[in-house]
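Next up: just one chain, as structure tokens, the form predicted alone.
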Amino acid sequence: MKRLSILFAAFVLAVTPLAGTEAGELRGTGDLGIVVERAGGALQVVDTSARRSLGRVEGLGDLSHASAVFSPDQRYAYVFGRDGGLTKVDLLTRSIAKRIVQAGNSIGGAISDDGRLIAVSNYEPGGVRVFDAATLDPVADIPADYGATGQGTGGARSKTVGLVDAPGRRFVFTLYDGGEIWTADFSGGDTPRIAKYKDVGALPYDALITGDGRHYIAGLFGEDGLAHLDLWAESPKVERILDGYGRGEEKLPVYKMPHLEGWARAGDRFILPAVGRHELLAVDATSLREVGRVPVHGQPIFAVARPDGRQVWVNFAHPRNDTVQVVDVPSLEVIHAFQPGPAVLHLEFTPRGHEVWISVRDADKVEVYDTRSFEKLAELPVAKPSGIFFSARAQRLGL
């Protein structure tokens, strides 16, 4: 009788569908991702190998500037909404595991290198809030107060931007209003050690960290230049790079703020969008000196390096946002251009770079291209798509 019970239990397990699968099919998480439907407060879970959508998750709030990070096992996506919402999404069951509204206005977040902490960058109230990744319970609140005198009086609170994870259970971010870079070190527990680096420059608007966790570079909206912090240095200090790169030239009106991300490093160079210019800036990754410029179609928003670093794919701000250009990194020349459709918002490469997924908001679609032949491989219907994020990001620093 006992043997029959064991056999029956095994049979039930064999025929019972597993959560997040179809017809009992086992599924890994390494080729999963999400596409944000910015207007509907929803996202689609996608299979990058099959180039198809697996299902839709609703109820995520304001996703007009949404971004996401992933748990180390690549099962959960943590989605940061503009309304202060932080939503933990189970990619296998395609459902919300937990959702909280932790602030009034947010602008992205990060996950610690051990996968245990989620940090959110807030405009209102200014600062960074940190949560337990498993439960989303609060761990720490870091108000971005600057310019205080005496016993904390006379200061102001800044919007925070450019939040990234760094090795050693650390987060790095900038104060947009305060012109500072801060690091929050959680290696000693839930009370962080805060280090502040001042005189960064006017209005640091976004930042990147290199894949080795060494270089943190913040772009400046208020002046031509960037701020660099070497996190490997014995006594880190901020230095200016590309200072005055547009000196003597009139800056164009800025229709959309460009983005700096760790994936903008290509080989031994950084390829960065220039604020208010129809150019990319090429910077030597060792000397941090300018080594060239690339004239492009419009004001670049994302300059995304293919994982092997040979190419950088670029999209643009309104009104020239129907176009994507491909830059060959060794020659710094545009080698291909095409028009996926109106309002190209985001590009995401598959982990080894053989394909790229492109969101075309005003055509309600996502297109998939071969990155060597430039052939269009697939098209997925998605309502007002914006950010595309693949679960392989879980294994990369700074994304």
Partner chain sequence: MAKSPAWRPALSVAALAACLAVPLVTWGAGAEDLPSAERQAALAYLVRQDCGSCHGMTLKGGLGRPLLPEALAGAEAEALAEVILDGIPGTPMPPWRGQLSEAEALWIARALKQGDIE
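Numbering follows the first chain given and starts at 1. Here the structure is a predicted model, which means the values were calculated and not measured.
Beyond what is shown, the protein has a form predicted in complex with the partner chain; the following relates to that form.
Proximity of residue 202 to the partner chain in the predicted bound form falls within the 4.5 Å heavy atom cutoff.
Although the partner is absent from this view, residue 215 stays clear of the partner chain in the predicted bound form, with no non-hydrogen atom inside 4.5 angstroms. Although the partner is absent from this view, residue 51 stays clear of the partner chain in the predicted bound form, with no non-hydrogen atom inside 4.5 angstroms. Although the partner is absent from this view, residue 254 contacts the partner chain in the predicted bound form, with a non-hydrogen atom inside 4.5 angstroms.
Interface residue among 177, 185, 114, 290 relative to the partner chain in the predicted bound form, by the heavy atom within 4.5 Å criterion: 177.
Only one of 56, 65, 354, 336 comes within 4.5 Å of the partner chain in the predicted bound form through a heavy atom, and that residue is 65.
Contact with the partner chain in the predicted bound form, judged as any non-hydrogen atom within 4.5 angstroms, is confined among 346-354, 57-65, 326-334, 366-374 to 57-65. When contacts are defined as a non-hydrogen atom within 4.5 Å, all of 123, 238 and 243 contact the partner chain in the predicted bound form.
Within 4.5 angstroms of the partner chain in the predicted bound form, the stretch 74-91 places a non-hydrogen atom from each of 82, 83, taken in sequence order.
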